[in-house]
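Take a look at this one chain, the form predicted alone, written out in structure tokens.
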């Protein structure tokens, strides 16, 4: 039986003869049935790596293999074996939803009957039935995104690469989409999830790599990556609008601020003091609310990349 594990070893990509690197000696593997996250800020090198996987770019050095196929020497095999949802919307303006999904499935080698059955199941699972006969030009950005996902997964390759798959998708249908991502894994497909959405990655992936400036900074399960932060808590203080950052007490080990969201990292032993400080800020009108919780993958991500812009107000 063929082992369809994807492997990249020391993949390097430079556009200026080695002066700077979009990817710098990236080594990773993704097994069949695994949802693997590639997490990093804009410009980190995620999309460059993906384009090499699917044969649109050639590495400056390094190897990439999928099962018995050398994807560097045989980019045609890469395009046949990998399904790709890019960040940009699919060009489906002239097709109805059901047509776009079915055509893509048959182009990828599915029979008409099998593709139709899978298409109908995806339309129902993603709750986009009301737009089944709507032209792509008339769809909202979020529904287009869901249609694009269905096009890519109606007849998936050995590897499915999803680049920011939930962009513009409403919260309810995001949950439905993630259920289908998990189902792909259960069916034995290797899934590459490319994203800067830390919270979604933590909930959805089996393993992930945090990448920045072309290099992998850390790799593992969400739980293992948070291991270094065991014994620490995140104190989220929602400051009143236009309030400057208050003086931080000595027990605050680290902090970041995004708009009115102040995230303070404290030890578990200082939980009572942290709550008291937050309540004091509320009492004098500096803060409006607070929450104390275990550290998250988001905290690890910010610590490694410095990308505080990744924090979302609702969760930070």
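Positions refer to the first chain, counted from 1. All values reported here derive from a predicted model rather than from experimental measurement.
Missing here is the form predicted together with a small molecule; even so, the following discussion is about that form.
- With the small molecule omitted here, the record of contacts in the predicted complex names 46-54 of 46-54, 59-67, 260-268, 243-251, defined by a heavy atom within 4.5 Å.
- Think of it this way: in the predicted complex, the small molecule has a heavy atom of just one of 87, 180, 134, 80 within 4.5 Å, and the residue is 87.
- The partner is absent here; in the predicted complex, the one residue of 226, 145, 196, 98 having a heavy atom within 4.5 Å of the small molecule is 196.
- Remark: residue 32 does not count among the residues lining the small molecule in the predicted complex, judged by a heavy atom distance of 4.5 Å or less.
- Although the partner is absent here, residue 42 is a contact residue: one of its heavy atoms lies within 4.5 angstroms of the small molecule in the predicted complex.
- Mapping the unseen interface onto this chain, residue 164 counts among the residues with a heavy atom inside 4.5 Å of the small molecule in the predicted complex.
- Although the partner is absent here, residue 22 lies within 4.5 Å of the small molecule in the predicted complex, judged by heavy atoms.
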